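Listed next as C-alpha cells is one chain, alone, in the form predicted alone.
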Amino acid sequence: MPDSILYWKGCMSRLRTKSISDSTMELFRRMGIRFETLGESEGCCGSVLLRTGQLEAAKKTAESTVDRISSAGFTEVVTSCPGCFRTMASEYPVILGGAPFRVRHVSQFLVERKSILKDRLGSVDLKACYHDPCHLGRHMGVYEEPRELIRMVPGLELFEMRDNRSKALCCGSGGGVRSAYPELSREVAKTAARDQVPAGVKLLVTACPFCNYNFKDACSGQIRVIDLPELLLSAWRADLNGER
C-alpha cells in the first residue's frame, strides 16, 4: 500500500490548466510531501455527467474511478479541483454508498501543513482578491482555508469581492454553461470581475481550474488571474510579480 497521497489532477488541470497541476506538484515537492498521480490512467470523476443529468453514466464513471484509486492502494486523495472534491467526497457516498479513501481539497490539505510554508514565502507589495468557487464554498463549506493561505504571503493585502462566501457569484463556467453557452459564460466572468472586484485590486486568486480558465479567458487585460497553488509557489520562488 502506498505511503503517499494520491494527487488527483482532474480533467481541467490535466488538459487545459496544466499550470495549476504543475504548480501544485512542484509545491508539494518543495514541501517534502510524498505523492503520486495516476498519470494517463487518471480518467474522469464523473462530475460533469452528474451536473448535466447523466446519472447512469456518472455512476459507471464513479465506480471505475473508485476501482482505479482503491486498487492502487491509496487511502488519501488530494485534489485542486472543487468539482472533483465535491463529487468524490459528497456524492460518491450517495450514488455508490461510499468510497474507501479520504478526499480533500488542496487548500484543506495545505492549511494542515502551513508550518512548512511559514517563512518560506517571499514578501510582495500586492493587492489581491479571492473568488469563492461554487463547489468549494456553497456546496462544501470551505471558505476560510484558502483565505488563510493567501494571508500567509507577506505584504499581500487580501480584499473581498462584493459578494463573497455563501453569496459569491458563479464565474459562469459551471453546470456545463461554458461548453453549451461560451459567450454567456465569458460575459458572466467579465461582469463579475468588473462589478465584484474592489477598485485598485489587480490580482484575482481562484481555487478552481474552471474559474481560473474562464476568468483568464474572459478578463485578459482586465485583471491578472492566478490559482492558489500557483500563488503560493510563486511566493516561495519570490517571483510573484508586484503588478497593482
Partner chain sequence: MGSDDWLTFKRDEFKRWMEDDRRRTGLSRAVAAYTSAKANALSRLPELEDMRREVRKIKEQSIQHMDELVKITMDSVREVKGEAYFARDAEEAREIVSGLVGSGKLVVKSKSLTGDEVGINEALEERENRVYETDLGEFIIQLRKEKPTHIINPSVHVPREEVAKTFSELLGKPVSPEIPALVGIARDYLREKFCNADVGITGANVVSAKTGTIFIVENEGNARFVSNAPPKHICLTGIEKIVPTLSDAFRLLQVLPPYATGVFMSAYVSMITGPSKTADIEKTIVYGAHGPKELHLVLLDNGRRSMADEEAFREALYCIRCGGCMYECPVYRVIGGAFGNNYFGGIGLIWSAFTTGDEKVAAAVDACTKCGRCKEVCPLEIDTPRMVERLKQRLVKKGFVQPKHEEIMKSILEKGNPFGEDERANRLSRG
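Quick caveat: nothing in here was measured; it's all calculated off a predicted structure. Numbering follows the first chain given and starts at 1.
The next section is about a form of this same protein that is not shown, the form predicted together with its partner chain.
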Looking at the partner-bound form in the predicted bound form, is residue 91 within 4.5 Å of its partner chain by any heavy atom?
yes
Spell out, yes or no, whether the shortest heavy atom distance between residue 202 and its partner chain in the predicted bound form is within 4.5 Å.
no
Exercise: residue 39 in contact with its partner chain in the predicted bound form, heavy atom 4.5 Å:
yes
Indicate whether residue 151 is a 4.5 Å heavy atom neighbour of its partner chain in the predicted bound form.
no
With its partner chain left out of view, which of 48, 27, 69, 218 would have a heavy atom within 4.5 Å of it in the predicted bound form?
48
Location of its partner chain contact in the predicted bound form, chosen stretch of 159 to 167, 77 to 85, 122 to 130, 108 to 116 [non-hydrogen atom, 4.5 Å]
159 to 167
Identify whether its partner chain in the predicted bound form is within 4.5 Å of every residue in the set 102, 147 and 212, based on non-hydrogen atoms.
no
What residues in 183 to 219 sit within 4.5 Å of its partner chain in the predicted bound form, counting heavy atoms only?
183, 184, 187, 188, 191
